[in-house]
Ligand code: 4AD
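Here you get one chain, nothing else, as structure tokens; it is the form predicted on its own.
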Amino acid sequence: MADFQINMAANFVGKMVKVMGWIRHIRSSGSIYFIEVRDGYGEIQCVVVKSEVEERLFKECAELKLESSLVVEGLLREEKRAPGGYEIFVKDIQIINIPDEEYPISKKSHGIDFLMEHRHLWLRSKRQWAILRIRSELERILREYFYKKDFVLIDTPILTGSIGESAGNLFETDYFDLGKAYLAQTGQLYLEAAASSFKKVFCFGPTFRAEKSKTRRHLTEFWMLEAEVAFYDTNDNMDLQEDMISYVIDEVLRSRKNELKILERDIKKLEAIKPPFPRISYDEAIEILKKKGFSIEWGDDIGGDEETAISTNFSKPVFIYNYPGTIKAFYMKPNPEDDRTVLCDDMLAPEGYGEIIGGSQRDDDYNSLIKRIEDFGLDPDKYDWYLDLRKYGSVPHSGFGLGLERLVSWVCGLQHVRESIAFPRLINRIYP
């Protein structure tokens, strides 16, 4: 009997197959059992007819419960009325486990606190299965994109002594006899070092922000893809981001139509994501927000509500570029045309999803960078190695960071980022 997965059913019509999985749903009409089985790749209806199987097997079906694990063998046939268009006419069932208790997540409505407390089981639901399949695919596509572009993957450290963003949202720990170490907020500083060796580099891994935020867009532990390219200016940087996102959306629409359908995602809105993306300056963004009634002045940061308001003006992702230097990180290059601002960009996803990418041209001048570090109240001695990059063969270079969970939320049409990762870490949750 050939290896079989439910998502391969079209290739096995008329053949005997074996499915190893769990029961999603079971019902009986007296002489027939309809058992919906999932195997991690899809779901299929299994039909047990009393007159066609051993009496023992039919009696055992009465003991089965939701989430029982089993092995089903039978004839695969096309059946348009069945979920998915195929069903297995059962010849034999091997029961592996029948739960002693009723499955906690029933068909009735459950509150989000209950579901998060049972996240280890909630992952089995069709919706969560679809979300995390799409997440996995997005990770694959992103890596594929950078390898096709001849980038080199650099695994940057999770424990670091250098602050990459703000000292106010660090997780710190004692590091043997060397003082304090921090969970990395970003791999960017290390990527800059690697870019001087490989020119085009990226990293992809977990990052941590001890930010006491309860918004629908924030996690304390999240995954970020970061890229860095030597000899790229800020416009090259935005071109790369635009090309990457266009490629990712095209690919996920092609490969995950079934999962997007399960989520009832309006894919027409995703199909509209084609380059070029609109680009507006920070100054223009402030004017848009004022016209929308926001109480905001030049020099203020653009927060989540403001991002939502701006992004609803566009059907594609929109770049906001050249923010004031006082509200951006120390490593961003001052704008030579307006020294109040830095050469940076945020990409906002449409439909109100806000920022998914933040990027900038890095300050490649030694003296300018020292001043920026001091202006931010940081100790230049902690950045000796980073400053070395400006002493030996410094070149213009740029990069960005993409928040994976925010990308997943946008692609899947989620209301909260907590569903975009298998086991979310929030300021009020570290279980399970």
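Note that residue numbering begins at 1 and tracks the sequence as displayed. Quick caveat, the model's predicted, so the values are computed rather than measured.
Below, we turn to the form predicted in complex with this ligand, even though it does not appear here.
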>> Please identify, from 181-189, 312-320, 273-281, 72-80, the stretch that has a heavy atom within 4.5 Å of this ligand in the model of the complex.
In response: 181-189
>> By the heavy atom within 4.5 Å rule, which residue out of 209, 135, 333, 256 makes contact with this ligand in the model of the complex?
In response: 209
> Taking this ligand in the model of the complex as the reference, which of 355, 338, 251, 117 has a non-hydrogen atom within 4.5 Å?
Replying inline: 355
>> So in the model of the complex, is this ligand close enough to residue 224 to count as touching (4.5 Å, heavy atoms)?
In response: yes
> Using 4.5 Å between non-hydrogen atoms, is residue 218 touching this ligand in the model of the complex?
Replying inline: yes
> Does residue 58 reach this ligand in the model of the complex if we count a contact as any heavy atom within 4.5 Å?
Replying inline: no
>> Is residue 383 near this ligand? Define near as a heavy atom within 4.5 Å, in the model of the complex.
In response: no
> If you look in the model of the complex, which residues in 376-400 sit within 4.5 Å of this ligand (heavy atoms)?
Replying inline: 399, 400
